[in-house]
Structures are given as C-alpha cells and as structure tokens.
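We begin with a single chain expressed as structure tokens, specifically the form predicted alone.
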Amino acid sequence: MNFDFSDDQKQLRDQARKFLAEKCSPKAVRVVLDGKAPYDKELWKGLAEMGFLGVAIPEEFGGAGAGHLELCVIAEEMGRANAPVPFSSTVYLAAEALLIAGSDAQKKKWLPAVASGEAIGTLALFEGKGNPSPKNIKLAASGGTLTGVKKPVADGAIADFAVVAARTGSGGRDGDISLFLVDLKDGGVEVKNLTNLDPTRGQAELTFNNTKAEPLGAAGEGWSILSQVLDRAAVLCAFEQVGGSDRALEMGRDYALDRIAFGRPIGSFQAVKHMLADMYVSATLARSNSYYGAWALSTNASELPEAAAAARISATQAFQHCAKNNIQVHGGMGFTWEFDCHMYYRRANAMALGLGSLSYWEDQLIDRMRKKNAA
C-alpha cells in the first residue's frame, strides 16, 4: 500500500509552498502578531483566489472538488508558514460540519462563501475549561433560539457564522446534544475578545441571548456529528502540526550550522546533534501517523477514529517538542522577541488545546482500540 502523495498532489504542495513563501513570510506574520489586525486579510483573499479555501468543497457548492488528501497537503504548508488566518476554524471545522450534516440550502448559502473567502466560520463547542464532552455543554436550545455562553471560540470575533453545540435534552448523554447554525452578523450575539497564547489566531467569548438559530442535522444527533467533525479536524490539524514541526527543525538545523562557538559550528557538538536528531525522529513519527490518518480520511475508512487520534497525539507531541527544542538550539537568542522561534512555540501550544487536550485524545485512542478489539 502506497501512503505517499501523487505527483499532482506534490505539485499542489510546491505551488502552495511557493505562494506562502511570497505572501506569508515571518515579517508578514509579525504584522498581525504586533499589530491590531485580527488576521491577514490579503493572505486570506489570496488563499481564496488560489482555490485553497475550497479545495475539499464539491464543485456544486463553489469549491474545487479535489478532496481531503489535497486539503491535507495545503494544511501542512499552512503549518510551515505559521499562517495568521482563520483557516482551521473555517475549513476544518465549520465547512466540514456543513458537508456532513448541512441541508442543501445551508450548503448553498455558506460553502460558496467559504470557498470564495467571503465568509469566515467557526465551531462554538467549548464552555470554559474542559475537554469535549456532552456533559460539558450547558448552552440551551429552545423554540429555535439559543441561550448561553461559549468560550473559547476560535476566530469567534471575526466569524460570519458559527456551528453551535447546544443541549436539547435534559441530561448529559450523547442524544441530548444537537447542532445549530447561527448567522453571527444578524445580531443577538455578544462578542468579547479573549487574551490567548497565540495572538495570530484569535479566541473569543460568544454570549447567546435568545439568539435565532436553525438546526444543523437531525435533533439529538449533534454529538455523533461533532465526533466525525473532530476526527476529520484532528487529521487536518495534525498536518498543520507536522508542517510546523518540520519548519522548527529546519530553523534549528540552519542556526546550528551557522552559529560558531569555540571556532566551530555548534551543530558539530554532540549534545546539539542529539537534540536535532530527537526532533527529526518525533517529526517523522508524526508524519507517518498523519499519512495513515490522511488515508483513512480520504477513503472514509472504518479505521478513521483510531487513525485520527493517533495522528493528533503524535503530531501534537512532535510540534511541541520541535518548537521547544528549536528555542534551545538557538540558546539565549531563541527566547527573544526578535527571533522567530517563539511564534512556532506559541502556535504549537495553542494548537495542542484547540480540539481538546493531549490526554483527552490519548484516552480516546485507548477507548476506541478497546471497543474495536472487543467487537
């Protein structure tokens, strides 16, 4: 079985890498990091023009109709560039939820707008601390309206629409959760920006007060749909993390070859060699698991739940490891604002929590493997 990408997909990767190298340099990322703009609007527009936002959206809904393998390719390059745009919240979460559960009318309204860059979407799942669980969802739905608070919501302050998880039953069971679609520009939602680790990817608190909402999917099927969305997003985010891991490794390697100490490059010292070798091993292991996840995602294989969890775990560990050790290789300079190391360190730790903690996904992998073995 060949898990490598096709020649066409590799060409797409080269195209995306070239585009992002020109439009999303570290200097461009710092404009968002240091400034007041919540994201890079010109880059977002360029991604839409290149067809990257709609790569996995069917042609009938304004997308390229390519598929999830192509989206994995794009995701990796977005991670390498540390792109300051709402790509994951819009494409991996909101768009995937619409593709899985949306009606034709909902798809026709929002998916073409996502593909063209006219609409930013998000998933409003969390309600404070805690991992994804039906028991943690308190926001209530009644009579076509929503009441409650969601936080943190990725890119919630700039989103045009949100997929919202709400409680429609009396308990905390899977069947008590339903999904709703909310047009955030219609009013009825109070938005508050939150301070977070990575300012290039905003987080917000959304307060719903009898806010009008339309069902997304069947009543009581919300948690089942969310589980599918999170598994898909886990694979796609893993590719972003792999891209970030590789870039952090390259930054550390290049600095180790250029930095001279005691008359020789620091990369010639055994301790630095070991550090870089460990980074390479963790990044390569993450890539292997992510490729397996990409296969499962693209074929809708029964192994997707296990593959997604494995990809999420290994890619999270690799990105955090490589981003941290990149700082260590750079020494004291690596801790300064002027060097770019901290931008990847911020993104690595922010992404580690975006879909639930590392321990949550470790528990998910164990539970899923147990159930599969017992079947």
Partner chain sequence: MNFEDTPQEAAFRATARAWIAANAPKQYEEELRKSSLGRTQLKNANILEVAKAWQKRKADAGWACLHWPKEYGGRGSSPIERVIWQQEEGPFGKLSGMFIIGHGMCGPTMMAFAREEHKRTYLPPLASGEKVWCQLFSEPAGGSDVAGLRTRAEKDGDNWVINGQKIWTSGAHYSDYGILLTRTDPTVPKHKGLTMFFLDMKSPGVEVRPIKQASGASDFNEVYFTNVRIPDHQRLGEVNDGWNVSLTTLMNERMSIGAGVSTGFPELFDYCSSLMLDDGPAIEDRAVRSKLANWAVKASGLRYTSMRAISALSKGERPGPENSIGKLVAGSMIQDVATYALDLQGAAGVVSGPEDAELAGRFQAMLLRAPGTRVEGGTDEIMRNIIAERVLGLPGDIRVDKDVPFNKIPTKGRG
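Just so we're clear, the structure is a prediction, and the values are computed from it rather than from any experiment. Numbering follows the first chain given and starts at 1.
As for the form predicted in complex with its partner chain, it is not shown, yet the points below apply to it.
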Which of 154-162, 204-212, 177-185, 259-267 lines the interface with its partner chain in the predicted complex (heavy atom within 4.5 Å): 259-267
Partner proximity in the predicted complex: Ala21 to its partner chain, non-hydrogen atom cutoff 4.5 Å: no
Residue contact check: Ser25 to its partner chain in the predicted complex, 4.5 Å heavy atom: no
Proximity of Ser288 to its partner chain in the predicted complex, heavy atoms at 4.5 Å: yes
Residue contact check: Phe87 to its partner chain in the predicted complex, 4.5 Å heavy atom: no
Site test, Lys273, Ser359 and Arg370 vs its partner chain in the predicted complex, non-hydrogen atom cutoff 4.5 Å: yes
Option touching its partner chain, based on a heavy atom within 4.5 Å in the predicted complex, out of Lys109, Arg253, Arg247, Arg167: Arg253
One residue of Ala310, Ala56, Leu47, Met343 in contact with its partner chain, assessed in the predicted complex (non-hydrogen atom, 4.5 angstroms): Ala310
Stretch 43-76 - residues with a heavy atom within 4.5 Å of its partner chain in the predicted complex: Leu69
